[in-house]
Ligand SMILES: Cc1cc2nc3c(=O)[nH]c(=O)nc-3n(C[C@H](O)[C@H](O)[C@H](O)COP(=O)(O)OP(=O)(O)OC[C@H]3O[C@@H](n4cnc5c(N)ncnc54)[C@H](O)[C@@H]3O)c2cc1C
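Next up: just one chain, as structure tokens, the form predicted on its own.
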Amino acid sequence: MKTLTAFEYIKPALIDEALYYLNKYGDSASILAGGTDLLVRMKHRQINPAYLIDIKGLAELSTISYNPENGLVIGALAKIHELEINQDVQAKYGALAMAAEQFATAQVRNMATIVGNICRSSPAADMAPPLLALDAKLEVFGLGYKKLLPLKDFFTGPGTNQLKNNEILTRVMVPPPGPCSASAFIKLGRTAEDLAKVSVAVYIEMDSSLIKEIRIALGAVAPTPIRAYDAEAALKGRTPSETLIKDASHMAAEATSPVDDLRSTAAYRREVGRVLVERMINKAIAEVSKNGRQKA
């Protein structure tokens, strides 16, 4: 039975203290937040940090807040389950709520953090497509500086991203949804708890009968979670129709570069991705229409 290798445990009380240790120990240190992925990887000797920096004591990173001007702010320590039950997320960020509901098991949702899922940077990360579709930005702290990174530019490859080993991703910031807008998410896996074979998120904003804004994101179909920019451009500014949506869904599938693995084949992922994009576009449009009728 494999056990964890020896490490020094550090629990800072301030962000600057955590950053001090990250700068001091560099690649020898790992951040501990939810730990659902990190501790498993340590147990299987996939990584062996000499220093474990536990940031769970940084209470300012535990909150989820919303206001109409700035939108949604999710702290690095906020649990997936907290997103699942948050009333603002449910009411205004449907795709994010749906992804949280479908994330692994109840036990994992009560431990895992959204920032941990993003930092792991798996191509199949459940929270990445909805956050991409919702145009999220990431707040990153380094020693003596702070910066914002668009999530669409964050992922660099399977398991890799722009975050430096002496930086902490502190918050996810999601802009307020536009008027007459909705978002939707779907995940297809071998089981409800498994990693996605394919996942799709769509955000849409309507202006009368025209698509004013649309963002389409897919997971598990490329080396990183992706946006389907050509499909978005084909839909934006046009009146949705069955033919237009089908054509755009084909374009989204063409933007993917899936692989064969133990969960699925590349051909299956590409075809299912097309179908799910079509379904989520229609679902988001129907939700906008439904909300409009409720307000009338």
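Everything numeric in this text was worked out from a predicted model, so none of it was measured. A residue's number is simply how far along the shown sequence it sits, counting from 1.
Another form exists, predicted in complex with the ligand; not displayed. Remarks below refer to it.
For the marked spot (62, 83 and 172), a heavy atom within 4.5 Å of the ligand in the predicted complex is absent from each of the three residues. For the residues 226, 97, 119, 188, the 4.5 Å heavy atom test against the ligand in the predicted complex is passed only by 119. Proximity to the ligand in the predicted complex, defined as a heavy atom within 4.5 Å, singles out one entry of 182, 198, 125, 132, which is 125.
At a distance threshold of 4.5 angstroms between non-hydrogen atoms, residue 34 is in contact with the ligand in the predicted complex. Interface membership of residue 234, defined by any non-hydrogen atom within 4.5 Å of the ligand in the predicted complex, is ruled out. Proximity of residue 41 to the ligand in the predicted complex falls within the 4.5 Å heavy atom cutoff. By the criterion of a heavy atom within 4.5 Å, residue 89 is excluded from the residues contacting the ligand in the predicted complex. Contact with the ligand, judged by heavy atoms within 4.5 Å in the predicted complex, is confined among 173 to 181, 98 to 106, 215 to 223, 143 to 151 to 98 to 106. With contact defined as any non-hydrogen atom lying within 4.5 angstroms of the ligand in the predicted complex, 55 is the only contacting residue in 48 to 64.
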